[in-house]
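Only one chain is included here, represented as C-alpha cells and corresponding to the form predicted alone.
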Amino acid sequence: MTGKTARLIFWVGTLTSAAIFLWQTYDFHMQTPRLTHTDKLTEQVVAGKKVWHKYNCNDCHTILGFGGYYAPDMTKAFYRLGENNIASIVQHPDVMYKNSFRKMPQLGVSETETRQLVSFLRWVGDIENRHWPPQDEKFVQAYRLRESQPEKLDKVHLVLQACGGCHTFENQGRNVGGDLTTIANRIPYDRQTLINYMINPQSVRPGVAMPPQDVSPQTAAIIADFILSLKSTKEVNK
C-alpha cells in the first residue's frame, strides 16, 4: 500500500465517521422533544427534579442509566409502584419497609415535595428509551391497558401491575407487603370489603400501612376475585 492510498483511506474513513456522528447528533436533538415529551415538562415536573437532586436520590437509585445500584431503578417506577405507593414509601419508609429486608432512610420529604417528585417520575417514565429497564416493561404495558382495555390482560399481569410493587405472586413482584397467596388465606374479608380495602385501606383497617391504590372499582373487583380465588383453591385442596 502506498502512502497516498493510506492517506486516502484515513481521510475517507475520518470524514465519513464525522459526517455520521454529526448527522446522528442533529437527528437526536431534532427527535428529543418527541422522545421526551417536552410538552409535558411542567413546573411541577421541574420542581420534582429539584427534589430528586435535593435529597441525593441518585446516591442509591438509578434513573435513565445514571446513579447507584443499591436501591431499585426508578426510571419506570411510576408504572411499577403507582402514585400513592411512591408517596408512602418516600414519606414513611420505616413503616413501608418494616417487614422487608430492604431499608430506606427517613429523609424528611414534605408532602408537597413528594407530589412534585411523583410528577417528575411520571414524566421520566414516559420518556421513549427503548423499553429500559426491560424488567419493568410489563408494568408499563399493563398500567396503560388495565383501565382502558383490561380484557387484553390476563389476570396475573393485571394483578402484578397493580400490586407487584409491594406484593409477590409465584416469585414475581416485590416482597414488601407479603405474598398474595399467603394473604388470600389469611384475610377474613369478603369480596366487597376487599375492594374497599384496596381503594381506601383506612376505612377497613385504621392505621394500616398500606396506601390507597390507584385503581378503579372495576379493576379492584378483578383483583379481589383473583385473590379470593387463591384462597378458594387452597381450601379445596385441603
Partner chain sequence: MLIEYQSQRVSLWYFRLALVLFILQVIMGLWLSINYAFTLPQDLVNVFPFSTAREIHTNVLVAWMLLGFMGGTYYILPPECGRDLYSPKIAYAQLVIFVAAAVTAVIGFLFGWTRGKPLLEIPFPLNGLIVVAALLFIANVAMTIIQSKQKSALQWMLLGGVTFLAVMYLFGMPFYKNLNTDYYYWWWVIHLWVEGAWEVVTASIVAYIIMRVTGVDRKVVEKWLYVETGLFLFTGIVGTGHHYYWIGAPDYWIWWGGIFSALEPLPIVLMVVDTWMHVRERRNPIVNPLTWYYIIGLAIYHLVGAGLWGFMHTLPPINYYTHGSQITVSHGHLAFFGAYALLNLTIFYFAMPRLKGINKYQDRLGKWGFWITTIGMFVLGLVFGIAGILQTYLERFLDIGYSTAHLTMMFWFRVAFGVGLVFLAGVVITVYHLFTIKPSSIPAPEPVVTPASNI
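Keep in mind that what you see is a predicted model, and the values were worked out from it rather than measured. Just so we're on the same page, rigid core means the largest C-alpha set that superposes within 1.5 Å between forms. Residue numbers count along the first chain shown, from 1.
There is also a form predicted in complex with the partner chain; it is not shown, and the following applies to it.
Participant: Considering non-hydrogen atoms and a 4.5 Å limit, which listed residue (183, 64, 209, 204) is close to the partner chain in the predicted bound form?
Facilitator: Of the candidates 183, 64, 209, 204, 64 is the one lying within 4.5 Å of the partner chain in the predicted bound form.
Participant: Is there any non-hydrogen atom of residue 111 lying within 4.5 Å of the partner chain in the predicted bound form?
Facilitator: No.
Participant: I'd like to know if residue 31 sits close to the partner chain in the predicted bound form, meaning any non-hydrogen atom pair within 4.5 angstroms.
Facilitator: Heavy-atom contact with the partner chain at 4.5 Å: present for residue 31.
Participant: Does any heavy atom of residue 38 come within 4.5 Å of a heavy atom of the partner chain in the predicted bound form?
Facilitator: Residue-level check for residue 38: yes, a contact with the partner chain.
Participant: Do residue 44 and the partner chain come within 4.5 Å of each other in the predicted bound form, heavy atoms counted?
Facilitator: Because no heavy atom of residue 44 falls inside 4.5 Å of the partner chain in the predicted bound form, the answer is no.
Participant: Using a 4.5 Å heavy atom cut-off, which stretch among 82-90, 135-143, 159-167, 111-119 contacts the partner chain in the predicted bound form?
Facilitator: Partner-contacting stretch among the options: 135-143.
Participant: Check each residue of 5-20 against the partner chain in the predicted bound form and list those with a heavy atom within 4.5 Å, in sequence order.
Facilitator: Residues within 4.5 Å: 6, 7, 9, 10, 13, 14, 16, 17, 18, 20.
Participant: Given a core-based superposition, decide whether the C-alpha of residue 217 shifts by 2 Å or more between this form and the one not shown.
Facilitator: Not so; residue 217 is displaced by less than 2 Å.
Participant: Residue 40: with the rigid core matched between this form and the one not shown, does its Cα shift 2 Å or more?
Facilitator: The answer is no, as the C-alpha of residue 40 shifts between this form and the one not shown by less than 2 Å after core alignment.
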